[in-house]
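Next comes just one chain, in C-alpha cells: the form predicted alone.
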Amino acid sequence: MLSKKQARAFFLGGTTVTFLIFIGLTIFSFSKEQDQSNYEAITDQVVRGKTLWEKNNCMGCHTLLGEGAYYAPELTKVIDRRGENYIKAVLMNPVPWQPNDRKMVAYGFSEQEADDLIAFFDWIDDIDLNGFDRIVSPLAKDKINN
C-alpha cells in the first residue's frame, strides 16, 4: 500500500508523463509530414464544386468520406470507379433517372458546374484515406458500385 506522499508523487508523475506524451503526439499530428488533407491542391474550381455540393444538399442522399446519407452511392473515389465522362453525363442530365429504383434529381447542371463538381470529386479522391477506401463491407461495396 502506498503512503499518502507516495500516492501523490505517483499521481503527479503519471499525470505529468501522460500530459507530455499528449503534447508530443499533438505536435506530431499537426506536423507537415502528417498532413493528409491535400489542402495545397484546392483551387477556385474545387471551391465552386464544394459550394455546389452544399447548395444542392448532395449529402442528403450521398455519402462522401463516409459522411452523409445512405440513400444513394458513396462518392469517395467515384472518378476512379466511374470516370469523368459518366459523372458529367449524370450531372448534366436534364431528366430525372432511376438507377436501381432510386430516383436521382435532374439538376441539369451546366458544363462549367459539372466540371466544378468533378474537380471537387477529384480533389477528394486525392486525399490520403489511410486505406479507408479498401476497408468496406461487401454490402457497402454493392451499394457503392450501384
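So that there is no doubt, residue numbering starts at 1 and follows the sequence shown. Just so we're clear, the structure is a prediction, and the values are computed from it rather than from any experiment.
Note that the form predicted in complex with a small molecule isn't included here; everything after this is about it.
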{"item": "is_contact(Asn56, the small molecule) in the model of the complex, heavy atom dist at most 4.5 Å", "value": "yes"}
{"item": "Contact test in the model of the complex: Gly108 vs the small molecule, heavy atoms, 4.5 Å", "value": "no"}
{"item": "Interface membership of Arg48, the small molecule in the model of the complex, 4.5 Å heavy atom rule", "value": "no"}
{"item": "The small molecule contact in the model of the complex: Met104, any heavy atom under 4.5 Å", "value": "yes"}
{"item": "In the model of the complex, the one of Ser37, Asn100, Ser29, Gln112 near the small molecule [non-hydrogen atom within 4.5 angstroms]", "value": "Asn100"}
